[in-house]
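Take a look at this single chain, the form predicted on its own, given in structure tokens.
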């Protein structure tokens, strides 16, 4: 019997996803665990696999559309099966959602008003609130993107239209049954844009919809700063011995076409230091503190949409060469949005390196529920005093953001002291 397939929730934090590409086409046979489509979520581009077997009778959502979890995307059944009733069911559900949206969007103006001291004043004290800006509801059945007297669009699309002062009645929908989708709003050039191009008014700012990843980053970092009492410790290290060790290692690895980076050595040093000061390798979990028995280092990797943190498992037990290979492989897949959830969650300590951009020192936001994150600056070449003489030196600053609920100042200082000993005498990594 044919059934409607909804977009599954592919990660614990997924609220919506963008259907990047269909791996099957209408009429294809589908088996359990077959790849149906690729979906971009707040975490990565992930595989949407089938829980059913049969024939893909109908694709309900085209590529490039962003939609909420559980929204119908396809119909699977037996070859030749009549799906008229299921299609009607999908259309009916879409129409009901469209009709319900104006009520949801007509919430009190105070909810959308800018936060201020007067925001707590009751409606009775402040007088009648002005009506919120909304998209005109009734339109003729012949209007673009309309059906049954209503514009066919999602709440997301209607919000984008309000933000950009676009009348949805003038937009031609490219989605199923003329539905207006996100790309229609983004590509729309109506009267406002035309006047701007003619110089009739100042050009408005370019408005881009925040991606699922960017919204998740914003939410998590806001929660981190609001709920975790951060404090910061900075230590300045002689990076010369570590740089020399790296140079010697790469000379040995050159014949095999391999090499290690300074960051790989810093990851190893940080991991070994966590073994020596295990109180930092912990997480605050409600009424409990979890002291981890493994050292899993989350490494911040910049991608187009923000930041991802692939995890190097058991970094304290791995050799420098293995860490280097894993970092390169995971960072490459992070930039391609091909990491699995397991590869970027449940780290115990994070490292963020901005030294390659010339940043000498910075503070990073803790990645909860980890207790700390180490911010790595650039190498500074400057004169130093050594054995009573001024000589050329290479220095690097490391700043650790600590969760004061877990890591007291003295504990954080002990960790950085252990880390400094390893950095300035790399043989300590082997002890």
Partner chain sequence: MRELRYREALREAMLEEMERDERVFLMGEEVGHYQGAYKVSEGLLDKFGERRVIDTPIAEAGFAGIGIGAAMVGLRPIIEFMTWNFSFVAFDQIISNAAKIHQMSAGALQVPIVFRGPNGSARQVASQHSHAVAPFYVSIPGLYVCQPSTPRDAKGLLKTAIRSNNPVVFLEGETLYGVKGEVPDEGVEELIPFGESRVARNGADCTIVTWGRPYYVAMAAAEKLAADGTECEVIDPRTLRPLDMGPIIESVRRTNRCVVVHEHWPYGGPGAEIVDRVQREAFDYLDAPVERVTGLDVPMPYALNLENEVLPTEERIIDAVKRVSYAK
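If you're wondering where the values come from, they're calculated on a predicted model, not measured in any experiment. Throughout, rigid core stands for the largest set of C-alpha atoms superposing within 1.5 Å between the two forms. Numbering follows the first chain given and starts at 1.
Here the subject shifts to the form predicted together with its partner chain, a form of this protein not shown in this document.
Worksheet item: Is residue 86 close enough to touch its partner chain in the model of the complex, meaning at least one heavy atom pair within 4.5 Å?
Response: So residue 86 does not count as contacting its partner chain.
Worksheet item: Heavy atoms within 4.5 Å of its partner chain in the model of the complex: does residue 268 have any?
Response: Contact with its partner chain, no.
Worksheet item: Within a 4.5 Å heavy atom cut-off, is residue 71 in contact with its partner chain in the model of the complex?
Response: It does not: once its partner chain is placed as it appears in the model of the complex, residue 71 has no heavy atom within 4.5 Å of it.
Discussion item. Just checking whether residue 347 would be counted as a contact of its partner chain in the model of the complex - the rule being heavy atoms within 4.5 angstroms.
Written reply: Looking in the model of the complex, residue contacts with its partner chain do not include residue 347, since no heavy atom lies within 4.5 Å.
Discussion item. Each of 154, 159 and 179 within 4.5 Å of its partner chain in the model of the complex, by any heavy atom, yes or no?
Written reply: Each of the three qualifies.
Worksheet entry | Contact assignment for its partner chain in the model of the complex, among 328, 290, 219, 183, heavy atom within 4.5 Å | For this set of options, the contacting one is 183.
Discussion item. Given the stretches 208 to 216, 168 to 176, 275 to 283, 258 to 266, which is the single one in contact with its partner chain in the model of the complex, using a heavy atom cutoff of 4.5 Å?
Written reply: Comparing against its partner chain in the model of the complex, the contact stretch is 168 to 176.
Practice prompt. Go through 403 to 419 residue by residue and record those having a heavy atom within 4.5 Å of its partner chain in the model of the complex; state none if no residue qualifies.
Written response: Stretch hits: zero.
Fill in: Rigid core fit then residue 164 CA moved by 2 Å or more between this form and the one not shown
The answer is yes; the displacement is at least 2 Å.
Discussion item. Can you confirm the direction of the Cα distance change for residue 302 and residue 182 in the model of the complex, closer or farther than in this form, given it is 3 Å or more?
Written reply: Note: Cα gap between residue 302 and residue 182 widens in the model of the complex.
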